[in-house]
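The form predicted on its own is given below as one chain in structure tokens.
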Amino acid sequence: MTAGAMLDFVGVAAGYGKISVLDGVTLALGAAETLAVLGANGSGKSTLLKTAMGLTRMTEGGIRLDGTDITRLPAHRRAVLGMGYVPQTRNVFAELSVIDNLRMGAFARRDPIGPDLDAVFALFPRLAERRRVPAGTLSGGERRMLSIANALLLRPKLLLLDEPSSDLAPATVEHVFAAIRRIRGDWRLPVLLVEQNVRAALGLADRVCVMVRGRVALDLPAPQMQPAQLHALFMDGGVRARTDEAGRQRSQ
């Protein structure tokens, strides 16, 4: 266990069914940092977040949240304990209004949510403007904002973001990343960020780790990460992933 870590992976192996994806991952997120997880497609980045939330088959290792062992807890218990997870898919209730989606997001709370609603509307003014419209009519960027706002209404201890810039227009990406910076500053939340937009991630993160074939290949403070290192690791991960996939197809 890493002292002072908000989220701690120790020797974690996990995957889906008989398919293993993570291979002995040891990684810690500090209580006051943003950690960006980078890597080629198929390197295990999104699986890392799903494993943190209890959404994969974990076969080895352990996970602790703020010092509490959550290795065997189901996903809903992890959410109640403070895990705020925003998946890549825009999981909103399309038929419900924006405000009703946010009320649903606070399902586990028993205290008034009014002050936090005001806070997320200040963070995402576009949601405030569209609070009465069905979420299914929102743009892709607005749905991403709504997903993040939903996670925040549970008052999490940390935020897990899976490729928040995916499929968004550049101007919308800027709005989303500006909001993440404010979450760090105003909400004082540590953030574990999986992202394909390397430039944006490096500009936001305190620390960066690069995954290759389900393992942490590099873990450095963001200012020390060199472009040549990233290029070599991305190329290695991408080539190996394509080679593995070709091998699986030949064996079928």
Partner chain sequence: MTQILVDSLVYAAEIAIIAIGIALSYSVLRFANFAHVQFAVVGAYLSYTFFALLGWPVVASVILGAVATGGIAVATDRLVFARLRGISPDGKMIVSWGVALFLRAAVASVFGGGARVFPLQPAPLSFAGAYFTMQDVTVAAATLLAIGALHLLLYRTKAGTALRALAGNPDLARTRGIPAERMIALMWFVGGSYAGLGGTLFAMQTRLQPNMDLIMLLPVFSAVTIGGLDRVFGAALGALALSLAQNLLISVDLGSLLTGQPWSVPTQFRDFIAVGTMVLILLLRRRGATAQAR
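Throughout, rigid core stands for the largest set of C-alpha atoms superposing within 1.5 Å between the two forms. Positions refer to the first chain, counted from 1. All values derive from a computational prediction rather than experimental measurement.
There is also a form predicted in complex with its partner chain; it is not shown, and the following applies to it.
Original post:
Counting only non-hydrogen atoms, which stretch in 116-124, 131-139, 103-111, 165-173 is within 4.5 Å of its partner chain in the predicted bound form?
Top reply: So the stretch in question is 103-111.
Original post:
Can we say Ser46, Ala201 and Ala205 each have a non-hydrogen atom within 4.5 Å of its partner chain in the predicted bound form?
Top reply: Result no, not one residue of the spot touches its partner chain.
**OP:** Indicate whether its partner chain has at least one heavy atom within 4.5 Å of a heavy atom of Phe177 in the predicted bound form.
**Re:** No, Phe177 is distant from the partner.
Subject >> Interface membership of Asn91, its partner chain in the predicted bound form, 4.5 Å heavy atom rule >> reply: Contact with its partner chain, yes.
Original post:
in the predicted bound form, does Pro156 have a heavy atom within 4.5 Å of its partner chain?
Top reply: The answer is no: Pro156 has no heavy atom within 4.5 Å of its partner chain.
Original post:
Even though its partner chain is not shown here, does Ala75 get within 4.5 Å of it in the predicted bound form, heavy atoms only?
Top reply: Yes.
Subject >> Stretch 46-65: residues contacting its partner chain in the predicted bound form, 4.5 Å heavy atom cut-off >> reply: Residues within 4.5 Å: Met53, Leu55.
Original post:
Pro156: with the rigid core matched between the shown form and the other one, does its Cα shift 2 Å or more?
Top reply: No; Pro156 is a residue whose C-alpha shifts by less than 2 Å between the shown form and the other one when the cores are overlaid.
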